[in-house]
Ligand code: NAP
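Only one chain is given next, in C-alpha cells, and it is the form predicted on its own.
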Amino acid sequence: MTPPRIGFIGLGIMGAAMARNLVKAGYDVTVWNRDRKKTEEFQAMGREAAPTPKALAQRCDVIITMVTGDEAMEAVLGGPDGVFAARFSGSTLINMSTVSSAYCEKLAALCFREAVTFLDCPVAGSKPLAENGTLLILAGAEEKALEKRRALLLSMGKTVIHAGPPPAGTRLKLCVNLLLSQMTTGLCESAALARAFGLDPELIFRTAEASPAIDCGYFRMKKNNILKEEFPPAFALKDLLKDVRYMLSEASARGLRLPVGEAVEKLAAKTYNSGERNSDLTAMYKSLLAGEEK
C-alpha cells in the first residue's frame, strides 16, 4: 500500500510539534503556514513548503489542519487559494483544530458534498504532550475512515478516543476543555487564597501531591508557572478564551447555562485585556494577584 502524502496546515505551538512527529514517523509531509518563517525548519529537513493551501491540497492525499479556530479554518479552506479550490475529492481532511460544534457540522456537510472523507479529530493536551507524541486524539468519524487513518493519528498521539460521527470529536473536546478551564481557575484561586492567608502556595501543591483524591498530573505540569509567576505558553490564554466562548455559545443554544464557565470567561477576558493574550492560561493567576494588591 502506497503511504499517503500528508499536507499539514498550521505550525503554531502545537502544530509544529505534531508535524515534526509525522516527519519522524517517515511520512511524506508538505507544510503550509501563514507566517512563512515557520516553514523554514521543515524545508531544512527536506520537506516542501507549499505556496498556498490550494497547492498543498493538490499535492497531498491527506490534509491536516491545526489552526486557531473557525475564522482561521475558513481562511485556509475557502477562497481562490484555499484547500477546497483544489477540488480534492477522494482525499481526506483531518481537522485537529478546536472549532465550534456548529462550524464542524458545516465542514462535515461540505466534505460530504465534495466527496472528501472528513475526520473531526481535535486533540487534548498541550505543548509538552504534542512534542513527545502523547496527545489524546478525540475522534469524530465513521469507524472505517478512522481505522484507515489510526496509525497516522497515533504518530501524533498515544490514544484515539472515538466519540461517534462528526462533530462528536469537537463536542467532546469542548467538554474536556471546560473541565480543564475550571481546573486551572481552581488552582489559580487556591494559590491566590493561600497567599492572601500568608501561606506559601507551594503548600497547595505539596498537599495535592500527597492526596490520592486530588493528586493531578495537570497540577504538577503547572506548578512552576504558579510558584515562579512565569507563564510561558503551553496552552495560550487567547485559545482558552476562544474555546470557553464556544462552550458558552453552544450551551446557550441548547438552553443550558454554565455559570462557572461564565465566571471563567470573565477572568480569562480580564487577563487577556491586561496584555497576557499570548501567555499560558495560568496567567489568570496574575489577574487574581492584581486584585489582591488593590
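Everything numeric here is computed off the predicted structure, so don't read it as measured data. When you see a residue number, it is the position in the sequence shown, counting from 1.
Beyond the structure shown, there is the form predicted together with this ligand, which is absent from this document and is the topic of what follows.
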| query | finding |
| --- | --- |
| Any non-hydrogen atom of Ile226 within 4.5 angstroms of this ligand in the predicted complex | no |
| Close approach of Phe231 to this ligand in the predicted complex, 4.5 Å, heavy atom | no |
| This ligand contact at Gly125 in the predicted complex, heavy atom, 4.5 Å | yes |
| Lys238 within 4.5 Å of this ligand in the predicted complex, heavy atoms | yes |
| Listed range touching this ligand, judged in the predicted complex by heavy atoms within 4.5 Å, from 198 to 206, 94 to 102, 111 to 119, 162 to 170 | 94 to 102 |
| Heavy atom within 4.5 Å of this ligand in the predicted complex - residue from Arg47, Arg245, Lys38, Arg59 | Lys38 |
| Those residues of 130 to 146 which, in the predicted complex, come within 4.5 Å of this ligand by heavy atom | none |
